[in-house]
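In the block that follows, a single chain appears as structure tokens, in the form predicted alone.
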């Protein structure tokens, strides 16, 4: 099979590459420009917010939010385990204290464990609720707890752009929300993010924070424009005498592409490039991708249905997102399954050009290599999450995966799950 992955710039199609090539030769469009404001207004209108503010990443947007709610030293922010270090570092940057909550059956924050840990809290300030892989959390229960305890409720919609609960877009249930346009998210501008709210008070504070930020330098913007082009050249050659792998290695070594997670972020610190304004060039890419949101999400739902049909009831395989009420309208940014022979299955798939090590495994704060002590994570504090991360495989649902390929992947998962 041709290379398939969750993380090889999966959203970029030929028209996106063509747009990027044009942008590369127009550096005057890279930093300042009208498309940042156009993106904010388009996002505000499309998802029915009063205010939207663009930043160079989702973690920059989250930092702006935490500043807006006036997070102080040692104040506690509750968030789920099985989350990215990018969602924790903004808390640490303001000297707040992250408190990790265990998972429910859908890889989202458990309201029951949240309530227990808030009762033990000394300085509670806010809750960050993540809708993992586009599946809505138990948002009503969590919102009720936030209101009872007078805590800010922040929705982490990095995985869930376009997903709905009770026919309302996720991001509309909390006090404020943030979204990511990272390279492997629902839509992508390689890097980029938005903070969105209906609160006049929070909007004024975020606007003030945003105006004081600097632009990322042109080299960083150029790195992000180059990334989809380099991947589009490398992937067809990935297994041709390892030419594709060599090209990607050289691109990383020469810093022609930026990492998804900087090494310093695994140690509990923000990289120097965060927070910054969103470059105009990346806003142009985000706008172009936003036009394809419904197409992308419809495709993800079709692929998820194929996996469900292929894998439901098969021995040794547990489907996480299986049953859903009419109130839930997920988008399936990934299709997670739990297996006992995770490493063996991944090894066999890799031999067949399917690369499913996407960083969302092995550890309750992803990616692997994140120093849990630096994030104040206490071992055994979230036993469900700690078990799940050893068994999870995220099947790809992106636009690059055809229905035929999804069926084939499902067949291979069944075959490799039964190997001795």
Ligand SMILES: Cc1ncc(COP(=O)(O)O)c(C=O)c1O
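Just so it is clear, the structure is predicted and the values come from calculations on it, not from any experiment. Numbering follows the first chain given and starts at 1.
Keep in mind that the form predicted in complex with the named molecule is missing from the display, and what follows is about it.
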query: Contact residue in the model of the complex, from 125, 185, 300, 277 (heavy atom within 4.5 Å of the named molecule); finding: 185
query: Sole residue of 206, 114, 87, 146 within 4.5 Å of the named molecule in the model of the complex, by heavy atom; finding: 87
query: Candidate stretches 36 to 44, 50 to 58, 350 to 358, 376 to 384, one within 4.5 Å of the named molecule in the model of the complex by heavy atom; finding: 50 to 58
query: Contact of residue 335 with the named molecule in the model of the complex (heavy atom, 4.5 Å); finding: no
query: Any non-hydrogen atom of residue 158 within 4.5 angstroms of the named molecule in the model of the complex; finding: yes
query: Touches the named molecule in the model of the complex: residue 180 (any heavy atom, 4.5 Å); finding: yes
query: 4.5 angstroms heavy atom contact with the named molecule in the model of the complex for residue 192; finding: yes
query: Any residue of 129 to 154 that, in the model of the complex, places a heavy atom within 4.5 Å of the named molecule; finding: 130
